[in-house]
Ligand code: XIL
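Only one chain is included here, represented as structure tokens and corresponding to the form predicted on its own.
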Amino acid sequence: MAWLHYFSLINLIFCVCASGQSLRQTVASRPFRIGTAVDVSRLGDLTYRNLIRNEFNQVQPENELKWMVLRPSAATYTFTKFDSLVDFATANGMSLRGHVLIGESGYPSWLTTGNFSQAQLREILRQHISTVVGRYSGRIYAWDVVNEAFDGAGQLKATQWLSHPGIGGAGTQYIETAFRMAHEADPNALLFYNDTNAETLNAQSDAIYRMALDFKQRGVPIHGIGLQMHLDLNGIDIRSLEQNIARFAALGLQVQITELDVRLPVPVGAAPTLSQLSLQADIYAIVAQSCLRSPACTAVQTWGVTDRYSWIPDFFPGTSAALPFDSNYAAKPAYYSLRRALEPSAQLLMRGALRDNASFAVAPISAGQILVLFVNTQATGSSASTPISGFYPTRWQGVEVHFDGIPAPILAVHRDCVVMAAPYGIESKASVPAVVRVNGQASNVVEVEIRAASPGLFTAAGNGTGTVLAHSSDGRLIDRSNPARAGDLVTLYGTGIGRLPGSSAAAVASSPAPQAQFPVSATILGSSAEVQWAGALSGAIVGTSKIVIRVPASLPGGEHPLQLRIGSVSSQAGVTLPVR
């Protein structure tokens, strides 16, 4: 759904618990790895070195195992740099990943211009994998065997291993060969395929899934999939990410987030805005929580620690500040949100996860407005609440949501969201703190902006866009096959029209229902549509609005844009009314 494609988060305020725990300490009681990629040449920087040791229980080299660094000539291996990382990890009780045996690039010229035959190239690869994996047998628990073999269309990229001249066989056979060679060199190591831009359901991840399925069915020794996750502020489709993780998990594979960073659209040295840092923090946290929701997702690893030593500005000019610590080693909001997300049974409340239940817009809220909050409720199913003596409960299935200490009426609890009404009593504030509690476990606190009214219209598709949810004067549902008639009265349904006089936000609206206290206007195709009545919908919680309008008699046939307006605030764009 559209509301999961990215988080448009503005001015998020994190109120994190000053526990003093590191990331490593936060996950210490669980078989979960929080890791980082290390620039081994920087380990002489004691601040850098100590930060890695204190915060992470897993490390991986950025470049020291790539062919160009490790094997400058056919007969020479330079293990010294990587050995120093092995010693560092061993001394500090850290797990060690190996990256990478076959990559898209990073090869020395002796290999790329050597004019080797297929048989010769295959033997070079066998010797390389046998030597490198064998040397670290028992010390490297997991290897990225092959990295970035597929393009965005799901096609195999042309490489020397596949076709220049290749090592024999078609399609993914060269990948299979590498996995079998690695398994032979260390039968106890976990073997991963690793790729970028394959985090969600798309042509590239589909191709990787088909390969993994084929390998599993034929007994090829593959144990996991690495999802790189080099992200920007557009974020990620969380539902698609979780579905992707789930399908690999169903094959019996581990999934690891291997190269997480979130770059900001600011040049090196420029200060990011609070809004940018807040959104970055949200993305770090939601990725971590998506991983933790699946037992098959066993690690989250950042690609670097500090902005001081980051690859981002060189590869993405005009961007920077992608990591949890800034260039002066100060923890950023991303660090605190990541730590919070890793806490056992963490409930992470984010401004972008709180949305109007009609429009799914992230916007200031108003008293009585029907809202949906996307959060892990730990519920096993879906459960609608039941009004008691005409009022909806403020606790349901162990879930409570408070705005400025005022409990919100709960309409329904699902596994990954709560539907509620914003309580009365917040309307006089410019903003209020919000917190969710699940079985007594409180989330962090975020500040939510308040306005007098924030209208949204329900749509027939239930996603906030397209044909409006409406009935004609004779009670028929309006759609393209049954359009409204010019000059007719039409009933619309929405929320966010403000506090209604003489009512409670938790109350079921009686008949006659309370009317809106603010003037409501409507336009269809830019033409004014007379509002005959606006207020609560009888029989529903008072925040559910009923708006009766008259379609302008002069309106031509067609599907026309429709909007409500209260003061200077309009309902969402993209809503239409079919008219004949």
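Counting begins at 1, following the sequence as shown. Only a predicted model underlies this, so the values are computations on that prediction, with no experimental measurement involved.
The form predicted together with this ligand exists for this protein as well; it is not shown, and the discussion that follows is about that form.
With the partner omitted from this view, the residue of T459, N244, N194, S320 that lies near this ligand in the predicted bound form is N194 [heavy atom within 4.5 Å]. A heavy atom within 4.5 Å of this ligand in the predicted bound form is found for exactly one of T26, N63, S521, N57: N63.
With respect to this ligand in the predicted bound form, the three residues Q289, R340 and R437 uniformly fall beyond 4.5 angstroms at the level of their nearest heavy atom. Using a 4.5 angstroms limit between non-hydrogen atoms, F315 touches this ligand in the predicted bound form. The closest heavy atom approach of S95 to this ligand in the predicted bound form falls outside 4.5 Å. Taking non-hydrogen atoms only, W311 approaches this ligand to within 4.5 angstroms in the predicted bound form. This ligand is not shown here, but in the predicted bound form it comes within 4.5 Å of a heavy atom of H230. Checking 140 to 148, 445 to 453, 465 to 473, 184 to 192 against this ligand in the predicted bound form, the stretch whose residues place heavy atoms within 4.5 Å of it is 140 to 148. Taking this ligand as positioned in the predicted bound form, the only residue of 251 to 265 that brings a heavy atom within 4.5 Å of it is E259.
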